[in-house]
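We begin with a single chain expressed as structure tokens, specifically the form predicted on its own.
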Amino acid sequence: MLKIQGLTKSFGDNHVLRGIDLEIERGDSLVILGGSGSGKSVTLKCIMGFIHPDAGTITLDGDNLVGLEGRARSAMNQRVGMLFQHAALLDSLPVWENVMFAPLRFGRVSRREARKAAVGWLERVGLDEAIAGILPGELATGAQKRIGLARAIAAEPELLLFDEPTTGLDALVGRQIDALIRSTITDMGATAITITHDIDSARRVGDHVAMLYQGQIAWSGPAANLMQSGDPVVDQFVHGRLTGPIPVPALPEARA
């Protein structure tokens, strides 16, 4: 469904992506795993058109996404739903309008229909109708993530993108969000890409995992094989080892 070939992106002398090649089958859940600064977010932003790559192609069902602008980009983005890292809810709009932002913006529903539909999407992510009319800032981070997920799926997109979905959450809430993501992918039959540095989360939501290191895919394979990949980079990262191909800054010596 989605194919990335030879994707490169630099910011001055910082070569973030050095030729990314990925293919995601329809209905698959792919996790792009990697440490901070590995290029995960840049890859996602290139898919969404927030950043223009220096070279390479990104195709969705054969349609090229690179360089799309205006109505063409808007039409393509209607096929995609995204859960942002910090939810990115609009504080000036009540919860129900946040959830139905895309359908309202593109004129798919009336405001009365949207208000009713929002309740169903909120229930789907485990939230009560009572919060529909309040502002997102009044809610806890975990609830905001759920609202962000409801907004991502409310347009019933073909492709779902999740940007560090468990960042800033405690372990229990993180597991709940992962379970919601996994069930959403299964129930909707959507194709999904999740970027994360959370190994446990990657194993819970992914069918396949691609490890990004130094701007390239170091390893890719089934999520079930992640902990025994046989790749030295992946092995060091997932087991948190201080020795290996990934350089680890030396800690300052403790003073007496």
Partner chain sequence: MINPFAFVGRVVLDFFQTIGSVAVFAFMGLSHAVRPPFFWRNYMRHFIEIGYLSLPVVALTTLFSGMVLALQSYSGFSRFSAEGAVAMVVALSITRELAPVLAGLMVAGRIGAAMAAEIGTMRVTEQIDALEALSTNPYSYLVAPRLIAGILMMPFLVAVGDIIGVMGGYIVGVYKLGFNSAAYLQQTWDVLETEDVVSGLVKAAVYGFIVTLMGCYHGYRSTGGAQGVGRATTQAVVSSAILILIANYFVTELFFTK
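Residue numbers count along the first chain shown, from 1. Keep in mind that what you see is a predicted model, and the values were worked out from it rather than measured.
Keep in mind that the form predicted in complex with its partner chain is not shown, yet the notes after this line are about it.
This chain appears without its partner; in the predicted bound form, the one residue of 183, 74, 141, 167 with a heavy atom within 4.5 Å of its partner chain is 74.
A residue is said to contact a partner when one of its heavy atoms sits within 4.5 Å of a partner heavy atom; residue 131 fails this definition for its partner chain in the predicted bound form, lying far away. With a 4.5 Å cutoff on heavy atoms, residue 80 counts as touching its partner chain in the predicted bound form.
Contact annotation: residue 160 falls outside 4.5 Å of its partner chain in the predicted bound form, judged by heavy atom distances. In the predicted bound form, its partner chain lies farther than 4.5 Å from every heavy atom of residue 121. Partner contact region in the predicted bound form: 42-50, out of 42-50, 208-216, 225-233, 187-195, criterion any non-hydrogen atom within 4.5 Å of its partner chain. Applying a 4.5 Å heavy atom cutoff to its partner chain in the predicted bound form picks out 106, 111 from 106-120, in order along the sequence.
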